[in-house]
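Just one chain follows, in the form predicted on its own, and it is written as structure tokens.
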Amino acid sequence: MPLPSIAPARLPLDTAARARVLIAAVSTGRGSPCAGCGKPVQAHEVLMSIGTGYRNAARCLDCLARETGNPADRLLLHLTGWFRHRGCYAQAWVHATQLEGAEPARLAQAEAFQGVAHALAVGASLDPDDVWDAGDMGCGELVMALRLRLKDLDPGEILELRALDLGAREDIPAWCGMTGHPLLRAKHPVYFIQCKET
């Protein structure tokens, strides 16, 4: 028997209405079986499922990582960062934290590791294999074009992206986290993205 959807295929455009839908989904989806492994999902995992496009049924973090091809800790970091900067998702994240009594335990470890990795990457010199000036292209169009651009690179090669759109500050790191392409350095408007290993 198919599992009921945890959120509608299209979320409302109004931020307040979208927040209500997300909060309801987190509340009702918590404890439901993971569509991948069957173990009960936590409230944060319900929101992560919706954020990665799995609105039909919630998945645990490990199954989301496996299905999206990302390491679990990297996916958790990027989704958490993205949620915290989006009003409706931020409200739902806070609600999930209240339901669970704390943020996911793995988050603190992942944030500590990210701090060390970032400190190392900032000092490293980067020699890009390709340079692309996307100008003021909006992020919806930008990430689609970016996906095609990275598709032309070999695994491990580096793209230097220049993107003037202010939304790129949050959207490029979140997109890299969700797709698994390492973001080596980001100082708006310049981003160094490595083509992920297949």
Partner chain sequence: MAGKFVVSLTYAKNDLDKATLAFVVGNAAAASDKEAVVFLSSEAVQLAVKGYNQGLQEPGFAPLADLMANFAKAGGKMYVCSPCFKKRSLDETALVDGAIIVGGAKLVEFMADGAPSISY
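Residue numbers count along the first chain shown, from 1. Just so it is clear, the model here is predicted, and its values are computed rather than measured. In this text, the rigid core denotes the largest set of C-alpha atoms whose superposition between the two forms falls within 1.5 Å.
As for the form predicted together with its partner chain, it is not shown, yet the points below apply to it.
Remark: Cys37 does not count among the residues lining its partner chain in the predicted bound form, judged by a heavy atom distance of 4.5 Å or less. In the predicted bound form, at least one heavy atom of Leu166 sits within 4.5 Å of its partner chain. Proximity of Glu67 to its partner chain in the predicted bound form falls outside the 4.5 Å heavy atom cutoff. With a 4.5 Å cutoff on heavy atoms, Glu170 counts as touching its partner chain in the predicted bound form. Each of Cys139, Ala174 and Met178 places at least one heavy atom within 4.5 Å of its partner chain in the predicted bound form. Shown alone, this chain has one stretch from 24-32, 131-139, 151-159, 58-66 that lies within 4.5 Å of its partner chain in the predicted bound form by heavy atoms: 131-139. Residue displacement note: His188 has its CA displaced by at least 2 Å between this form and the one not shown (rigid core superposed). Once you line up the core between this form and the one not shown, the Cα of Cys176 ends up 2 Å or more from where it was.
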